[in-house]
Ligand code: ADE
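In structure tokens, one chain follows: the form predicted alone.
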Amino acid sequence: MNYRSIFRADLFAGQTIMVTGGGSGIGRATAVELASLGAHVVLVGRTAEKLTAVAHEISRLGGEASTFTCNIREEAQVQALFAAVLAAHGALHGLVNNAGGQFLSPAEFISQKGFHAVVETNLTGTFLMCREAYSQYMRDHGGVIVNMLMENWRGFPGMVHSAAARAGIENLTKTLAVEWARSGVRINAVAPGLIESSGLDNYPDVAKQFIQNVVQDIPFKRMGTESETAAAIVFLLSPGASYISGESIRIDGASSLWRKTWEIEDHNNAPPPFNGFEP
């Protein structure tokens, strides 16, 4: 397989790992990397065409993947998803809760319906996925879960709905790490900062220009890559992280640490971006 992972090729051989939101962006990069390391990747999302395209990509590169459509906000669909995956594969060793969604808006213009939609997808959906992974398999067999946060340690003006939901996911992660330790379940989270991902294509042009300006406020003076995020997720799924649970890893070029109290001159000295899809 031609994905340039930094991990050994057979790291997840014989394992089944589910990735939600696997049809694009960080989910796709994570799925391709896991498949390159021997995992059978279960791609989950709402759009079958996107999932199928990634599954074909993985197949062409020599990996294995299957696809399942599911709206993670719907409890019955989530329950049916895990039942179907376990019936097909017999095990679920890892779960990456990457799926989510939000939109840019000042808080005063967000309706109750819009707020609830984001919270239900990001927070409630993550909870349902965690609960069913545990109830239907991991309670008796152990396993690893990685949840998705965002760089909102100082709040996140313009995305109050997602910031609130992701803050809830962080505490959910910590709480479940304690409750489920008795079953041998590890659960952690990653918090990407500004990532050069296909998800940025969904934003209007004015937001894209704003994002380019924000890059200058990142100490590294660049965005992160999907592969850099995927690598952190893969590490947390790996045996090398076997004593890590309840933690959140920031993948943000130190942006969450800087409050403009220290001038960062323009530079080109950040570590070069890592892109596993490059030859």
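Predicted model, so just to flag it, every value in this text is computed and none were measured. All residue numbers refer to positions in the sequence shown, first residue = 1.
This next part talks about the form predicted together with this ligand, which is not shown.
Using a 4.5 angstroms limit between non-hydrogen atoms, residue 99 touches this ligand in the model of the complex.
Among heavy atoms of residue 152, none comes within 4.5 Å of this ligand in the model of the complex.
Not displayed here, this ligand is kept clear of residue 174 by more than 4.5 Å at the level of heavy atoms in the model of the complex.
The closest heavy atom approach of residue 70 to this ligand in the model of the complex falls within 4.5 Å. Only one listed stretch (71 to 79, 177 to 185, 86 to 94, 156 to 164) carries heavy atoms within 4.5 Å of this ligand in the model of the complex, and that stretch is 71 to 79. Along 37 to 62, residues 45, 46 each place a heavy atom within 4.5 Å of this ligand in the model of the complex.
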